[in-house]
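Single chain ahead, written as structure tokens, the form predicted alone.
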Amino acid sequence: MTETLKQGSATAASRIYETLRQDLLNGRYRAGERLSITLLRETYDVGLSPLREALNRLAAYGLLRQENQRGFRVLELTREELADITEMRRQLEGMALELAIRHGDEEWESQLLAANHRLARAGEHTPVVEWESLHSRFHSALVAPCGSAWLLRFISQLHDQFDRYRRVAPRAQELRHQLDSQHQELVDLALTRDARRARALIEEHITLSSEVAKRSCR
């Protein structure tokens, strides 16, 4: 009985962790906002124990700040932090893409083509949540066969940190079209195994995307 309760609590904690993670990335809570435990329990219909476990995990992951005896607060958005995240993305994703091009096989090529096709088909009327999911899958597919689980883990965390800024920034349609076209260019370079130009383009892509993300900073 006790073991069953523990498993149920762990399942609830994982569920609320993922739901809250997405809500934080999508800007449901304002930067700097202090989160009310009582309100969170009501909003997500979850018990205190799994909620606290999820909040502690989100703080360890870097999406919340834990304050001594005062609960949890959403992180601020600053240009300095964004510049740091952007540079780390450039370095790590550039490295991962070079490795992926070196090690990727035909199965990777097929998965990359499919991910790009699904993303390209998502037009302006596609729900934002669905587009963001497709966008994340494309970037994950691009570097998937790099051969380093740790490198992929760091990249995933940096993507989440970057998206805290990008997803709440005002739309920049003039840059959006350019960014979208670069997705196809990245696929073309990956398939022709042009690692040098592919790395240069992914670094340019991340820099350009940071120009959009900057608009979220005061």
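Residue numbers run from 1 along the displayed sequence. Worth saying up front: this structure is predicted, and the values here are computed from it rather than measured.
This protein has a second form, the form predicted in complex with the DNA, left out of what is shown; the following refers to that one.
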Among Arg176, Arg52, Arg28, Arg167, which has any heavy atom within 4.5 Å of the DNA in the model of the complex? Arg52
Exactly one of Gln184, Ser156, Thr43, Ser36 has a non-hydrogen atom within 4.5 Å of the DNA in the model of the complex; which residue is it? Ser36
Any of the heavy atoms of Gly147 lying within 4.5 Å of the DNA in the model of the complex? no
Just checking whether Leu201 would be counted as a contact of the DNA in the model of the complex - the rule being heavy atoms within 4.5 angstroms. no
Going by a heavy atom distance of 4.5 Å, is Ala60 a contact of the DNA in the model of the complex? no
Counting only non-hydrogen atoms and a 4.5 angstroms cut-off, does Ala13 reach the DNA in the model of the complex? yes
If contact means a heavy atom within 4.5 Å, which one of 117-125, 68-76, 137-145, 91-99 is the stretch that engages the DNA in the model of the complex? 68-76
Going through 148-180 from first to last, which residues have a non-hydrogen atom within 4.5 Å of the DNA in the model of the complex? none
